[in-house]
Each structure stands twice: as C-alpha cells, then as structure tokens.
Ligand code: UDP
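One chain comes next, on its own, written as structure tokens: the form predicted on its own.
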C-alpha cells in the first residue's frame, strides 16, 4: 500500500512526525512524504529533529501570499504529485490550508483520505479563521476520521459524514513525550538548552507566551500587548514571547513591548527549546491549539487568548481557561494564578484528556486493518 503524507507547517510536522516514522517502519506500507513548505525555516528544524526527509518539497510560500493564492498553488502542485505517484491513500493533519487543499486534490482524484486530528469544532466559521472551515472540508472528504477524543468523535457522528471514525488520542502527545524524555535523560542537552536563555532568573517565575491567530489581528493584539505591558511591571516575573514572523503580529508586539524590563521578545523557537521553556514555565499564555494539548501533560496551567476553542476537553478538566483578548481578563487571570496558590494548584494537575502517548500505534492499526483499542481519556476529577 502506497501512502502519501502531506503537511506544510511546523505544528503539522511535529504532530505527524511520530506517524511518519512508524509508516517508514511498517513493511506493508510504502511511505512517501510531501511538504508544501509554508513556513520554510520553522519546518526545516522539525524535519531535522525527527529525521524526516521529504520525497516531495513543493516550496509554495511566497511573500505576502493570500490564502486564495496559496490554495490555488497548492492544488495545482499537489495534483501533479498525485498524477505521478497515484497513492492508495493520503494522510493529512488538522486544519491548515495545506490540509484542506491536499484533501480536496485527493478527493478530485478519488484517492481515499485519512484525517489525523479529525472532528474538532467550534461551530463558528470566524473562530478560528480560516481553520474551522479548513477542518470541516477535510472531514467531509475523508473516509478515515482519526479523532483525538470522544468529543471529536461525537461531533463527527452528529454530522453523519460517513467515514470510519477511530478515537486515537493526539499524536502531539506522542511527540511531546519523546522530546521530554530526551531532555530529561540528556544532561548535556539540558545544559545546552538552558544556555540559550541566560536572561532567565531562578528567583523569577516564567510566563511563556505564544500568539499568532488571524482573528486577533488589530484590536485583539493591541489588547494582548497592553496586558503583557502591565504584567511586565511585576519584578517577580519573566515574560518570554517567541514572536511569530507575520508582520501583523510582530509590529504591535515589538511596538508595545520592545525594551520593556523582563520582557524577552525572541524569534520563533525550534521545538526542542520550546519544549524546554514549557517545562520551565509557571504559566503558559497562548492562542495555539497544539499548546492547549501539550502543556497540560507537563502540569502547566494554560490561559487561552480566545473566546472559543475547538478543544473543550481541557476546559472541562479545568487545566485550561479561556481568557479571550481582553486586557483586563488576561491581567486578572495571570495575576490570580501567580498570587493564589490554591487557584494555581487547581489548574496545574497533570491531567491530559488528549492522549497517552500511543496515538500513533492506534492510527497504524487502523491503517493496516489490525484491531484498535480506542483511546479513553482519564475521568475528570482524577
């Protein structure tokens, strides 16, 4: 069986890396990898970290590219790959423009699509935008829906899409556990990672920030930056913000927070040092979907700068809180966790409803026809 795995961004690469490795090790499968190269440098370091060598590199990204232009270029380039390879199945991940375009290209050629991380929903096409639409398109054309949670499976069942649904857990937990194990057992690596952040002080707590969502461009990012400026007044707090390369993010962040004491605006990080910072952080403030899944595995409270999330399980488990992009709400929520130990303890339990490190095994079983023991999340309250 020939399987073509397609992805284009760093988060996709991280989440698909354990599966790509397993596909290469499966004798019954000829595995090929195609990258669209949306985020060239950010993608490159993940490929190197996990030892992935793409068979096809489409290099689609151009400066100031619109979503329509990217979609059109992706459809055309991927169609040529499919014409050459004629795979038995395509695998895509998540909710990116790459995933949407690749699944549509495969559908047009009647190639079965397996969707890793299927079924996440907010049921609001404007949040996250355009990811909510992208994910729904992929689910509609997929015949194998690899849902990370029982809630995602329920969404798919309610929509009556017709594909086979398997609850697998999320592959990002597989990747995270592999990387944390590497950091924990390699003292030289740990020292090397610590040396990348000499500005961090042991007597100050760390607030790790990531923010890049399109729906927050403009007023949303202005409010986020204002909140971080106020929080930077605390002498007991270091704020580290790896700033996304998009100018809609960099301009307000640098304009408001550059040269603030104890605010460290750094370039986007490779995955290894980012995991190290998550391990070291006291609180994670983010609008990222993947971080909502990863940080609870490390016992870190997560404050999500969005009004809705397609990942409600951790909110229900109280390891994640939605704080939106309100300046007052962000400041109040971070301050409460810093100053109220009981509140902090309540959201820092190691309870992860998104996976147990065996998602890849379940996906492989589903692909080759072996029996699948579906993922069951730990009960809330344990």
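Residue numbers count along the first chain shown, from 1. The structure presented is a predicted model; accordingly, all values stated were derived computationally and were not measured.
Beyond what is shown, the protein has a form predicted together with the ligand; the following relates to that form.
- At a distance threshold of 4.5 angstroms between non-hydrogen atoms, residue 20 is out of contact with the ligand in the predicted bound form.
- Contact check for residue 281: every heavy atom lies farther than 4.5 Å from the ligand in the predicted bound form.
- Heavy atoms of residue 262 never reach within 4.5 Å of the ligand in the predicted bound form, leaving it off the interface.
- In the predicted bound form, residue 14 approaches the ligand with a heavy atom inside 4.5 Å.
- Proximity to the ligand in the predicted bound form, taken as heavy atoms within 4.5 Å, picks out 284-292 from the listed stretches 119-127, 284-292, 79-87, 159-167.
- Comment: the ligand is not present in this chain, but in the predicted bound form one of 172, 74, 113, 305 has a heavy atom within 4.5 Å of it, namely 172.
- Listed residues 141, 193, 269, 225 were compared with the ligand in the predicted bound form; 269 is the one with a heavy atom within 4.5 Å.
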